[in-house]
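Okay, so here's just one chain, in structure tokens, the form predicted alone.
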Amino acid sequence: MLHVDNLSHQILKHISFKLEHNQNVTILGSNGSGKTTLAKAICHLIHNDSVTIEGQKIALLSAKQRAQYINFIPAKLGIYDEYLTVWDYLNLNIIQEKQSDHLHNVLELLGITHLKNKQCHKLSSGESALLLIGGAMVHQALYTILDEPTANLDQAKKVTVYQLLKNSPYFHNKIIITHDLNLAYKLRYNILFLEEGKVQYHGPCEPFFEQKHLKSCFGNAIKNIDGNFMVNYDETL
């Protein structure tokens, strides 16, 4: 179990929630609401004493133990070695020897086998996003946090990633940060909605997406059309 107990840091204000085994959560909120800051604190990229994982304070775990328990996948790939290839990057995500057996399958599932020998710094933004997800699949941490996993993808690749998040055995417990309400709705994970660093909603997906509740969170900016959530540009002018 992952337990966040009264976490406060800069914008975050007294965040508390639990994530049981075989549960997943989608974190929603406006820009600057604290979503990525919360993610970094959960995996201890921001020091704190408020996060417990499998009954142990994450602050007291070794780097190797943390890597086995939790993995944070940022929204953008930062590569500073111009010679590092896609294959090299995936290998860097191996924390147990047996995981090397999965590399070819991960490339195939993501449709990026043809990029195997391409240098990472030459990848497009969409290709980089897929590589980050591939690294998470190879890593297979107990908890995986993915920050905007579909933001730079074309429509077909968004479907691919959605299907992997729903069904792939490479992911265990997932925490998804996104602005994509359609992705959040289709995944049907529990919702954690942040507003100005505070938890305004934490619970099942379906009640969150009722029109009355959406209006309380987003005003008239979002409209539900047969289960598809659209930006209501005309209403917000």
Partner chain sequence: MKLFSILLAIVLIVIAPFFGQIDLHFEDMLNNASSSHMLFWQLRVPRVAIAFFSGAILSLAGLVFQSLFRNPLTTPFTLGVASGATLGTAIAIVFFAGTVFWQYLFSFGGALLTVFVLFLISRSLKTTQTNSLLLVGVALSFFYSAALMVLFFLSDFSQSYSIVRFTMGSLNIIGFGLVYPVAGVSLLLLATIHGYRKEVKLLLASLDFAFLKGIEVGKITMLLLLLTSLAIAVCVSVVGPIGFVGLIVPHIIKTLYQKSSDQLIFPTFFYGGVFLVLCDLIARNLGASSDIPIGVITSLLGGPFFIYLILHRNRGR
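Predicted model, so just to flag it, every value in this text is computed and none were measured. Residue numbers count along the first chain shown, from 1.
The protein also exists as the form predicted together with the partner chain; that form is not presented, and the subsequent description refers to it.
Asks: Is it true that Leu45, Phe72 and Ile94, all three, sit within 4.5 Å of the partner chain in the predicted bound form, judged by heavy atoms?
Replies: Yes: Leu45, Phe72 and Ile94 each sit within 4.5 Å of the partner chain in the predicted bound form.
Asks: Heavy atoms within 4.5 Å of the partner chain in the predicted bound form: which stretch in 79 to 87, 106 to 114, 163 to 171, 150 to 158 meets that?
Replies: Of the options given, it is 79 to 87.
Asks: What is the one choice in Arg66, His179, Lys186, Lys57 with a heavy atom within 4.5 Å of the partner chain in the predicted bound form?
Replies: Of the listed residues, the single hit is Arg66.
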